[in-house]
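The chain below stands alone and is given as structure tokens, in the form predicted on its own.
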Amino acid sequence: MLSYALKRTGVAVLLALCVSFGSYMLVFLAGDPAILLAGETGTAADAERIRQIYGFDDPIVFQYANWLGRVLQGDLGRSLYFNQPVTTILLGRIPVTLGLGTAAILFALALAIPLGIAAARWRNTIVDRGALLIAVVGQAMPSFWFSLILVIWFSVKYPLFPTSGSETWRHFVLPTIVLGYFAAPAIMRLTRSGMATVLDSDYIRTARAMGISARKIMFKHALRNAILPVVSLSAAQFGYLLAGSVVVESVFAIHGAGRLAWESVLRSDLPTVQALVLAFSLMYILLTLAADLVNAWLDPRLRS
């Protein structure tokens, strides 16, 4: 297990370096960063002075190495719009998005896994068709439309939850439902597919012939093998929820990293956009690594 963990960690570190280089290059995609930093009122002399201060005249490899060294020390630059260190801004916004994403993926798992198990257990029945209908509706429905429907019903018509903000847990209920319901269909379908395959396998038939109870077969023998791909998909969905929370955070006026990304793009705040891309990418890599390690722990065959 240790050898497998070290190998996967090494791959994750290499991938993180590649992602960090891509994040750094974002600054240059919008044009000359010295001209952008100088602003619309800046002169050519101002741009040249900025180019010398920030080292934009150096070879790109040296620029990246210097930037990476600052990042490893926690220096992500300074926001052009907020005029604050980007690290300070992220430390105030990312925990909000992490909390929302965690609640959403837990809601998705609580909804999708039981539905997937039930659909596989009673295939081609009304239970199966009902679960698939829930999945289709969740994947086809736009998140912003679903958000507005929930606001109309549970904030305006029946004032049970706030319409905006992130002060208390009640502010996160509706956004959690929206994000979680969007992530649930893929998890539900994969759970159903995996459970259906396992339930038709020979060792399950043998277990039934031995008189083992249906509940024990379902949850101890079948689910353990069927859940492996669900772990990987859940990690990927969690990363997607974190990076894709822009719309939901904007609708519910939640001051998280998703809304910060939207604000930074609109205001051409490149250092903040660069830091957000790097942060979301690293979180996705860490989640994928964690899923690989959990799968290897559940199934020793994966460690070879």
Partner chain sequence: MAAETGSGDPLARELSRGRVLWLRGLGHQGFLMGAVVLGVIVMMAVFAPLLAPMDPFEQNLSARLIPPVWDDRGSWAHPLGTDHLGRDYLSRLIYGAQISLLIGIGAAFISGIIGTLMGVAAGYFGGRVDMVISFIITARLATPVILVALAIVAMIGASLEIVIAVLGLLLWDRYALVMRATTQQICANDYITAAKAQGCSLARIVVSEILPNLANNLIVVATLEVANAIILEAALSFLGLGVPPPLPSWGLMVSEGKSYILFDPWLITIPGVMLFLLVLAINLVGDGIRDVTSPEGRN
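On a predicted model such as this, the values are computed, not experimentally measured, just so you know. Residue numbers count along the first chain shown, from 1.
Although not depicted, the form predicted together with the partner chain is the subject of the following passage.
S.K.: Is A235 near the partner chain? Define near as a heavy atom within 4.5 Å, in the model of the complex.
M.R.: No, no contact at 4.5 Å.
S.K.: Is L15 close to the partner chain in the model of the complex, meaning a heavy atom pair under 4.5 Å apart or at it?
M.R.: Contact check for L15: yes, within 4.5 Å of the partner chain in the model of the complex.
S.K.: Find out whether any non-hydrogen atom of I254 is located within 4.5 angstroms of the partner chain in the model of the complex, and reply yes or no.
M.R.: Output for I254 is no: heavy atoms all beyond 4.5 Å of the partner chain.
S.K.: Whether L68 contacts the partner chain in the model of the complex should be assessed with a 4.5 Å heavy atom distance threshold; does it?
M.R.: Flag for L68 set to no.
S.K.: Counting only heavy atoms and a 4.5 Å cut-off, does the partner chain in the model of the complex sit next to every one of L6, L98 and F107?
M.R.: Heavy-atom distance to the partner chain in the model of the complex: none of the three under 4.5 Å.
S.K.: Only one of 110-118, 150-158, 68-76, 89-97 has heavy atoms within 4.5 Å of the partner chain in the model of the complex; I'd like to know which.
M.R.: Every other range fails; the passing one is 150-158.
S.K.: Can you name the residues of 120-139 that have a heavy atom within 4.5 Å of the partner chain in the model of the complex?
M.R.: Read in sequence order, the residues that approach the partner chain (within 4.5 Å, in the model of the complex) are N124, R129, V136, V137, Q139.
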